[in-house]
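The chain below stands alone and is given as structure tokens, in the form predicted alone.
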């Protein structure tokens, strides 16, 4: 997919000046003032940034929050990157917990379930001092020794050839510019300095936002091999933010798509759910199909589409219905999202069989291993899928008392919306907001 404003290809990495002794100095970023209105920044994030700064730590807003503010969107999260180590952050905030092993983070908890995520500046763990290295993190480590490094032995270095660059740990602490260049896309590598009210750009991200183009930081083939989940993230950002994909990035997504089979299945499932939750599910799944990613993560759905099975085209209408629900703030749960995505091939798998329950399990058998579908989600999907025939007939009966009824009704509403048919009246009432349902009951009670 071409960029809407093609430009000569330039390096996304910052230029570095040299100090005496041939030791690299910190590169000079591009700095932009007055790009983000202060009133749009979350007040709790401001408190965290100011406290970190008062105690002598460098601290910036980072990543998606900065990107969304620059695009004029409402950020979902306000994440912070800092020079403080995880345990130092924990000592500064009583409402803090340190989580993670592959990537240690501090979560600062606020009222209403809000979490401000604070990460220490990282650097690429695969290269330290010009030599490949690994990080030593003890099982009982609290974060203070996360940057101890040991050089790889020659045998280990030989074993981990250029073809094996998959990142398996990421706890090597670094400086701001090192943190910026290890991120995935230029639009996610921007910092915002609250004190100076400046956007700090080491990677050309602001210019890419202005051109509305998605680029990786560094060679795209390498970045997708380091973490193939970035291919799904590229699809998500392109679809959700309406960004063109730089030609070299698009080509690398196609070339490296097989690498997704090396990713942890729960991460793949979570990214699929994010594609469905983000308000651009229709564009996301179409782009995944076009690139050839869908046939790797959901071959059952791809076969249904490419065989032009009966009702296959309704997939796009169901996804459009999900986008409409997201815009209305009424997005259903994950089991409903996956059931809506797979409804076509699921219906095809169970149609006309003597034992629909077994056919359902057979259909999901390979998917369970490929995506680590949780049993609770599978059971929920089976129940809400089986309920669709009764809901279509309006024969609700005792279904209304089952704990999965609301999810079943939500899937029925998505299907009706996509098929252009009215929702059964018995189901319509269950989808009304609770306050409207209560008013309707009171009106019925007053009617003589």
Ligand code: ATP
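It should be emphasised that the depicted structure is a prediction, and the values quoted were computed from it without experimental measurement. Residue numbers count along the first chain shown, from 1.
There is another form of this protein, the form predicted in complex with the named molecule, and it is not shown here; the text below is about that form.
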- prompt: Do residue 224 and the named molecule come within 4.5 Å of each other in the model of the complex, heavy atoms counted?
  reply: no
Contact flag, residue 208 vs the named molecule in the model of the complex, heavy atom cut 4.5 Å:
no
May I ask you to check whether residue 104 falls inside a 4.5 Å heavy atom distance of the named molecule in the model of the complex?
no
Quiz item: Is residue 64 close to the named molecule in the model of the complex, meaning a heavy atom pair under 4.5 Å apart or at it?
Solution: yes
Per contact check vs the named molecule in the model of the complex (non-hydrogen atom within 4.5 angstroms), the hit among 105-113, 70-78, 312-320, 345-353 is 70-78
Answer key, the named molecule contact in the model of the complex at 4.5 Å (heavy atoms) among 183, 177, 304, 122: the residue is 183
In this chain shown alone, the residue from 212, 283, 233, 378 with a heavy atom within 4.5 Å of the named molecule in the model of the complex is 233
Taking the named molecule in the model of the complex and a 4.5 Å non-hydrogen atom cutoff, the residues of 265-294 making contact are 267, 274
